[in-house]
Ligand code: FRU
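Only one chain is given next, in structure tokens, and it is the form predicted alone.
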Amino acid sequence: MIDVNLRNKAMEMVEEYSGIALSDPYYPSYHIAPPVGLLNDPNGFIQWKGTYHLFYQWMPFHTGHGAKFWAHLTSRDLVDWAWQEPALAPDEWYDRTGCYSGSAVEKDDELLLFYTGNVKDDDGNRETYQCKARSEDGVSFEKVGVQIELPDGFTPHFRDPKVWKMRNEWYMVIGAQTEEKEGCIVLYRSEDLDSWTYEGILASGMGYMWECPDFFRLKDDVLLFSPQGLEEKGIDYRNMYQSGYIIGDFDKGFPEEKFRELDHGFEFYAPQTTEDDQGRRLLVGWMGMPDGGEEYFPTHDNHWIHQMTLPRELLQQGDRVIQKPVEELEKLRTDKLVEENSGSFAGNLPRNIELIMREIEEDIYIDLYDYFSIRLEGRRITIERPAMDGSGKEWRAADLVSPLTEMRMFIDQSSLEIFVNDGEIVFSSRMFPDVDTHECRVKGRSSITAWNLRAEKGAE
């Protein structure tokens, strides 16, 4: 069971500072954000006994990184999320400096968590352990202990186990770094989720570290991961780190030259997926970026930082993975604010809206709150905002496969998710315009619809 004193200290922080966080005008209305402190990687995303469970890396004591907990939320519909007690705390010898990222599976009517136990000494030397916890009720978790220790040939940057069942056996992928400082994904196999056999490197060849791996099947096998150390190439790889996928074959391999970025915004990292009882492959990502300027975010003073993306459904079109907002999000709509078919638009809009543009006939330019711009030129979409460190403007871009027909945007106080052509291209970004600025402008021919979205801050 979780250390009561450590849990109580975390909940005391929530009680003392969550009101300040919730009162921040940048705190999201309908996205998942921490009640206090720092949120990063989504963990343990699963639907278990009809309820969606989502855990995340959580530092409750300040807005920096450190010895992370696993925060825990549950939902019946992917829209309304209820806060549960923290599932894991860094309270054992094998995870005392952080219960790092991992995944969840169901076996024998139990909910099992697999995660990385991080241990650092005073000199920064690291040890890493792949660990397991169990729960019979999905609320209280008991740590089972270390399952896998660091194998030969790898540095202690060896973490983020994702577990799944296939061919009547269990498999685990782990993000890793070889002793030659090459990023890779390592594969393990088990018959019982207790004893694990090392199967070797599943994929490698890019950058110096791969984090947060995921494996699933759409029409083909998909390997999802977040590589570090890729060099910028034109409009690609412009973030500090990337998140993307390779469509390949579990038995034949995943060639690194087929890697594609999954999201082209400023803040998107460490996504995790699950399959629900409707057969949908669902994804949630961290709307953040390690070493990506988070120290400049203005929310630190209000005792919180970062948020999740909205849940998305993944589908395969040819050799690409597309992402669609889950249909349940339509429950957020309240009143229709704009229905404009004459073309351009200029007016004030609130910060918790869904904005849909269709029947787009020419190049367009969108300005949101005198802060964030989106422009289409030919088949290239470019987004731009002030750099977080105040050094000027920064931009990201992506090229469409087909002509632009639709752009669907979710704006939530300090975040923007853009789904282009029904999820062909996606941009996820944070934005911090002046809180008193509400003007939005659209130039170009299109039909425009804007919905007000329910503005209830925080999980229940």
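Throughout, we count residues from 1 along the sequence that is shown. Bear in mind that the values here come from a model prediction, so they are computed numbers and not experimental data.
In what follows, reference is made to the form predicted in complex with this ligand, a form of this protein that is not presented.
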query: Every residue of 159, 211 and 269 near this ligand in the predicted complex, heavy atom within 4.5 Å; finding: yes
query: Interface stretch in the predicted complex with this ligand - options 387 to 395, 401 to 409, 37 to 45, 427 to 435, non-hydrogen atom within 4.5 Å; finding: 37 to 45
query: Answer option from 215, 129, 100, 304, heavy atom within 4.5 Å of this ligand in the predicted complex; finding: 100
query: The unique member of 244, 90, 290, 248 whose heavy atoms fall within 4.5 Å of this ligand in the predicted complex; finding: 290
query: Heavy atom of residue 53 within 4.5 Å of this ligand in the predicted complex; finding: no
query: Exercise: residue 286 in contact with this ligand in the predicted complex, heavy atom 4.5 Å; finding: yes
query: Heavy atom of residue 57 within 4.5 Å of this ligand in the predicted complex; finding: yes
query: Direction of the Cα shift between residue 292 and residue 63 in the predicted complex, where the change is 3 Å or more; finding: closer
